[in-house]
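The chain that follows stands alone, in the form predicted on its own, written as structure tokens.
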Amino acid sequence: MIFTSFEFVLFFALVLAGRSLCRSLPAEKWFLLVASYVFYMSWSVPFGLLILATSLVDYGVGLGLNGIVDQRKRKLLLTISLVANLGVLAFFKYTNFLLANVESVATMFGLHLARWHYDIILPAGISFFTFQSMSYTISVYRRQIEPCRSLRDFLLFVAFFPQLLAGPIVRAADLLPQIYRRVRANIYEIESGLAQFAVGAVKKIVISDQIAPNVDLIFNAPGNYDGFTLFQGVLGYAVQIYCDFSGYSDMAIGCARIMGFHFPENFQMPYSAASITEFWQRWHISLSSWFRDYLYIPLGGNRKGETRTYVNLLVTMLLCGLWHGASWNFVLWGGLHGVSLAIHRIWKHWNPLGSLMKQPAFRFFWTPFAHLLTLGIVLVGWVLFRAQNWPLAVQYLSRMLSWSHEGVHLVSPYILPAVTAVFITHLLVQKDRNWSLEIPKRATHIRIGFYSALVLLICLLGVTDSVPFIYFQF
């Protein structure tokens, strides 16, 4: 059951109707909890039990942390939570990756081990709900929030269906207070929520799903295409993953707002960034802030000298890459961004162009260059992220960067218009602007025109088949 399916529209309508019939706050919470588990178990019933089990562990740890003063015992409880969550994540996501690498190392030393591989099904959204639950226990351990006393409320916090499968990762300090009280949306929030859901649907089924077949065609056989086509392919993937993932976030935020809940924004025009640091401040904001607060800062952040800061940046981004998938491609993708972040920090401290930046003529040329350089790093990273394996990634990059004239020359009627549309939007729209919040405040004729355009785009250009979101695999 995905957001762009008729099944979800029916499900959400029933949730809204059923919630309105609940006469008390406890009844409403039980109803939302059951609805959230039904939503998740439409993918797999056994994995619903997995979420329940990990949630029970973290709920118990949270209560224990509040009642224990001894710091060693508190650390032990936190360790239990981290081991439970990371252990579940490691088993389902990294078991076969680890076994394959052990076999490769053994082969290097002349040992021939039996090939071990288990048919492990990855639970949908496991990377998201484990991180969300861990953020709760860490925050309770740090005494930043009070533990949740109600098991029902905590289970609902972890499993709340709009953001369960692919975020945004909502902190306990933000979501639990909304669960504790009976929130209701006003007319403005309902309209803005519907608008944001529709914008997300356009991103997903009009742009991302339309260009996906052509992008897959190019990435599946990079040796068959010339440099122009490969460059077109990586531009297409950059647009595809942005519209797919930000589209999900928009729809999740929109659904929540229609019910009166408020989630943080997860994307803010990331391809308009003028540095790789700014890119990560605008791309998957809830994840980048999670890694900053729960990994980078505990490692020392920028408090232990510049060399240690660069190491912390690299370690954080390597683990961010591994979080995305059990493949060396993802680790290298994270490493590329970690090195780039470190180099950008060195550049800012060195500041060799400080005097020149005061001159408008120099800034006129430097600013576009900074944008292009940032985009170039991001695009190279997307090749590592999307390629099926390391050899294909190397082949793709070598043929694209050398601008090979050998192979099929393809001009996609889907990729180029989509890239143009996203580029113009990033170029013309203010970076922190959210149309979904602005349009309901405009005159009636503007609102009618905007909503009519969204509906027409979905009806005329939208893909009719329900395609899973890319980040469901993470």
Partner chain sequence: MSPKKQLGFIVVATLLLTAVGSHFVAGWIGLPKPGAAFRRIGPQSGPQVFCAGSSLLQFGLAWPEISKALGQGMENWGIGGSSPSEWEFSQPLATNANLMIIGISVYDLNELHLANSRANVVPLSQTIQDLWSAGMSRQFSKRLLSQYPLAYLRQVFPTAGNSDAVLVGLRRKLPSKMRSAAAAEDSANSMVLPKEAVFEFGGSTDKLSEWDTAKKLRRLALMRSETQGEHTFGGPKQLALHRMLQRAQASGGNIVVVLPVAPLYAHEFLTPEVNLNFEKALTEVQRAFPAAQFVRLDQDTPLQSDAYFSDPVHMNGAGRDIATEAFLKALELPSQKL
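Treat the numbers as computed from the prediction; the structure is a model and nothing was measured. Positions refer to the first chain, counted from 1.
Another form exists, predicted in complex with its partner chain; not displayed. Remarks below refer to it.
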Only one of 62-70, 29-37, 425-433, 440-448 has heavy atoms within 4.5 Å of its partner chain in the model of the complex; I'd like to know which.
440-448
Listed residue (Q163, Q210, T316, S133) with a non-hydrogen atom within 4.5 angstroms of its partner chain in the model of the complex:
Q210
Ok, V9, L25, L461, L16: which has a heavy atom sitting within 4.5 Å of its partner chain in the model of the complex?
L461
With the cut-off set at 4.5 Å between non-hydrogen atoms, does S55 touch its partner chain in the model of the complex?
no
Partner contact for F47 in the model of the complex: its partner chain, 4.5 angstroms, heavy atom
no
If we define contact as a non-hydrogen atom of the residue within 4.5 angstroms of the partner, is V455 a contact of its partner chain in the model of the complex?
yes
4.5 Å heavy atom contact, E191 and its partner chain in the model of the complex
yes
Stretch 206-242: residues contacting its partner chain in the model of the complex, 4.5 Å heavy atom cut-off
Q210, P213, N214, L217, Y225
